[in-house]
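Shown next as structure tokens: one chain only, the form predicted on its own.
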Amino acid sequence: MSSSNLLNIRPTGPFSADLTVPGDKSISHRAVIIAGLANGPCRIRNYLPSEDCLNTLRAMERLGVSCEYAETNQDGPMEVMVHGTSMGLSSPSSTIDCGNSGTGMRLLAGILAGQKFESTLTGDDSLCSRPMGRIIKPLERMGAQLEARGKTEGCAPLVFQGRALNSIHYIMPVASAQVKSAVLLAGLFAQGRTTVEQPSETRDHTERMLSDFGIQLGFEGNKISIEGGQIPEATNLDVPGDISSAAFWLVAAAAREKSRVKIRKVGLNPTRTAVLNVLLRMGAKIKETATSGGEGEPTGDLEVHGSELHGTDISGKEIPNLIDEIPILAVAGALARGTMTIRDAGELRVKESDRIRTVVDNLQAMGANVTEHDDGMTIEGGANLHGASLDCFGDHRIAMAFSIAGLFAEGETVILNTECIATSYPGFEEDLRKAGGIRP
């Protein structure tokens, strides 16, 4: 039994399922933004029709990009024909609403910083409480004139006055794919060569996609450079399934002996597969079959068979490429034998919720033994979880992670305020039904 803002989860035994998860959220955002800057029509297949990505699509339409919806489902367009503007965006008639999407806001900030017109980016209460200083600083160094007018310093709404940009060499103090992407996109509108230097490897979807669109980039160690004035060449894109969405089912099957899940056509970008590495360290049985390679985004099928998991340490350089998967990995830690330690993950405190606090509180409410740290947590696995009424605080990944936890808990688990799941995974409830967690 469920409603639009409530999920009632029941425990389930071993299950077998074949799933195709929705299109990758990170790639969908980037696809419609860069296609909107291209020199002709671009067809995007398997676009993610989630609230976050639909808000980015609407934002580009507000900036003068014409889009046709070739294929839709009950959630929205899954195939979009984007008619690029050859870098010639138009002034929006009113404020652009990014909803709950930090990715959408930060990437759009990159392209709006160098426009000749004024524009404003805003979002819901959660997004307008998330710090934007990390993108404001480099964009201002490039000559952008922008102001953060939120109730909290450095927060949205972001108001852009429209200024010509100059190139910079920006050394990122913290590894962040969103900051890197904002600077590279702004670099397209800047004079000269813009270079971003990252302290450690981050998701490279932006670099791969810019290359797919014919943009010339320079690579030297952890430095990525882009020459301003290039116009993306129109191309067609297929968005792979989102491995961050697949992660929920990987854990659900891996932690239950005799369970099996096969997930088809999922993205296997090396900067996103750290979740597989962690699960393999924990003893998960995962078979990976590549279905594409070469240029662009690698994809493949993943098949998982249940086994006994054991705890592991997660820290250091692997954290930036695991940041979205840590909530469900924490659930895996609670279901495993031994101890899981998560450190160096302070970035979790400024996501859609304070994910350290919400994960710790919800695991403790289900009977797990968890200790909170400033930058993570320690989880003593093996406790018998019990059902509880849990608030996800408007955070889609918390809602889905604890829905999976509910499959292993004695009694009923109730997840409150689950409408946020639509920001990244429309159809999650139906897939949860296939796993036996929701019954007719």
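One-based numbering along the sequence shown. As the structure is a computational prediction, the values presented were derived from the model and not from experiment.
Keep in mind that the form predicted together with shikimate-3-phosphate is missing from the display, and what follows is about it.
For the chain shown alone, Q178 is a contact residue for shikimate-3-phosphate in the predicted bound form, at least one non-hydrogen atom being within 4.5 angstroms. Residue contact with shikimate-3-phosphate in the predicted bound form: R256 places no heavy atom within 4.5 Å of it. shikimate-3-phosphate is not drawn, but in the predicted bound form it has a heavy atom within 4.5 Å of I323. Shown alone here, K351 lies within 4.5 Å of shikimate-3-phosphate in the predicted bound form, counting heavy atoms only.
Only one segment in the set 168-176, 366-374, 209-217, 83-91 has residues whose heavy atoms sit within 4.5 Å of shikimate-3-phosphate in the predicted bound form; it is 168-176.
Contact with shikimate-3-phosphate in the predicted bound form, judged by any heavy atom within 4.5 Å, is made by just one of S126, T339, Q191, T103: T103. For the residues R134, H310, K265, R163, the 4.5 Å heavy atom test against shikimate-3-phosphate in the predicted bound form is passed only by R134. Taking a 4.5 Å heavy atom cutoff to shikimate-3-phosphate in the predicted bound form, the contacting residues in 16-44 are K25, S26, R30.
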